[in-house]
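Only one chain is included here, represented as structure tokens and corresponding to the form predicted on its own.
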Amino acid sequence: MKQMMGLINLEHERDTFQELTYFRCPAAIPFAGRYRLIDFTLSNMVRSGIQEVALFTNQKYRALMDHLGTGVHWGLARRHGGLFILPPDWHDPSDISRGDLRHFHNNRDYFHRSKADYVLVSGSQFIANTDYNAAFQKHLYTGADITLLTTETKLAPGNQQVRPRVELDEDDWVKSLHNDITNPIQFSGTYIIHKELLLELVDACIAYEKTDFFQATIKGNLHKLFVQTYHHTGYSAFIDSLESFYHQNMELLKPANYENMFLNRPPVLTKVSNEPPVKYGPNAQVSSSIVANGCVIEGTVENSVLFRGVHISPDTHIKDSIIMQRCDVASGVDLENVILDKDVHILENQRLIGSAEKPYTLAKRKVLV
């Protein structure tokens, strides 16, 4: 798909993850035992043949840059095209743009240099394992100005953002975008647009002092634009808060959801980390859990997600919890409905109990005595 470039726009993504985003942006949050949220969008783009991906970052993007590196793990360390991380750079004294339009304005040269004719724009908080080729082919076939990727995913408890609902005619043309929750068809946040049309609409937005490209140009101009849709089927999720993050990790513990996301589709690509296989102690008991490489389990783990390098000591009970990379849980600890961020140490005989609606969360590198 050499005619289309990818753009991951993080400017307007919600940050209601509390402890999980003290030290990182939402796109860099670990998910499902070995991934980051951004891995799903990047993998979808690369598997669709996109060879050039730009990333509009906003703040707290050091962890994201460390994870992405040169893009080599996604096949984007290329001589032509590749991965371009575009952090905020507001040094144009004549610039009057605001919101995500500042990114478009200050990186206009990047778009002009690209040989792609079309741009696929996405965020990182819609999680799916899909291929954009069919959507692109429909976009070309229908002659649409813009094609929106839609879904019928049920929103999880704790989802913070109102997802626009899409009203269609019999030929999948968009008649309106609204917030009527009785309409199951939701906009995923991903769309395809011709590059020249995108830049033209950006200029119009800046001239009228708008701050949100999608809201101002697409939602506000449905009467002028020909907007088509492509519907995603299969398992997907919106993750925009601590509660929805917890809920969607727990949902992947259901075999049907896990198979639909990971086993019956191409692999989701992520940063490679070489770890030994999981080591189970003689008294270890593990059920209904995702356990990543490098873990050492000597206690009981039930209905939980364990990331790489986690150590669960003997006489420890972990239930309905998410334990991130390199956490160390000592003997006699009881955890239920808990999220531990990376490198947390829980010393002996602690008991932490949260709830499914509000999991007990500890930020990175905490030591609980």
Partner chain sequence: MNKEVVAMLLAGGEGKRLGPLTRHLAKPAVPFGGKYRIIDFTLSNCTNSRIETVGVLTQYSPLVLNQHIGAGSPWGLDLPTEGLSILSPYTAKEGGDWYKGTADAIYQNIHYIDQYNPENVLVISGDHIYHMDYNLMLEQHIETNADATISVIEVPWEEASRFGILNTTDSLSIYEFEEKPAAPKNNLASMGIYLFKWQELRKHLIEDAICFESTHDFGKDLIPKMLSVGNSMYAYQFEGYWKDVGTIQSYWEANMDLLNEDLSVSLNCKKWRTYSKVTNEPPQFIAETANIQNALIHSGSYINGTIDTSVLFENVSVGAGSTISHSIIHPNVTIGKNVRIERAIIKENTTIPAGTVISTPPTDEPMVIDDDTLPKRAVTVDYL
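On a predicted model such as this, the values are computed, not experimentally measured, just so you know. Residue numbers count along the first chain shown, from 1.
Missing here is the form predicted together with the partner chain; even so, the following discussion is about that form.
Asks: In the predicted bound form, does each of Gln350, Ser355 and Arg365 have a heavy atom within 4.5 Å of the partner chain?
Replies: Per the other structure, none of Gln350, Ser355 and Arg365 touch the partner chain.
Asks: Within 4.5 Å of the partner chain in the predicted bound form, heavy atoms considered, which of Gly143, Gly234, Pro267, Pro184?
Replies: If I apply the 4.5 Å criterion carefully, the residue I get is Pro267.
Asks: Since exactly one of Trp173, Phe111, Tyr258, Phe214 fits, which has a heavy atom within 4.5 Å of the partner chain in the predicted bound form?
Replies: Going through each option in turn, the one that passes is Tyr258.
Asks: Does the partner chain come within 4.5 Å of any heavy atom of Tyr35 in the predicted bound form?
Replies: Residue-level check for Tyr35: yes, a contact with the partner chain.
Asks: Are any of the heavy atoms in Arg98 no more than 4.5 Å from a heavy atom of the partner chain in the predicted bound form?
Replies: Arg98: no contact with the partner chain in the predicted bound form.
Asks: Should Leu263 be classed as touching the partner chain in the predicted bound form when contacts are defined as heavy atoms within 4.5 Å?
Replies: Contact with the partner chain, yes.
Asks: For Val272, is any heavy atom within 4.5 Å of the partner chain in the predicted bound form, or not?
Replies: Within the cut-off, so yes.
Asks: Would you point out which of 143 to 151, 240 to 248, 129 to 137, 274 to 282 contains residues with a non-hydrogen atom within 4.5 Å of the partner chain in the predicted bound form?
Replies: Careful reading of the contacts points to 274 to 282.
Asks: Enumerate the residues of 47 to 73 that have a non-hydrogen atom within 4.5 Å of the partner chain in the predicted bound form, in sequence order, or give none.
Replies: Going through 47 to 73 in order - heavy atoms within 4.5 Å of the partner chain in the predicted bound form - there is one hit, His73.
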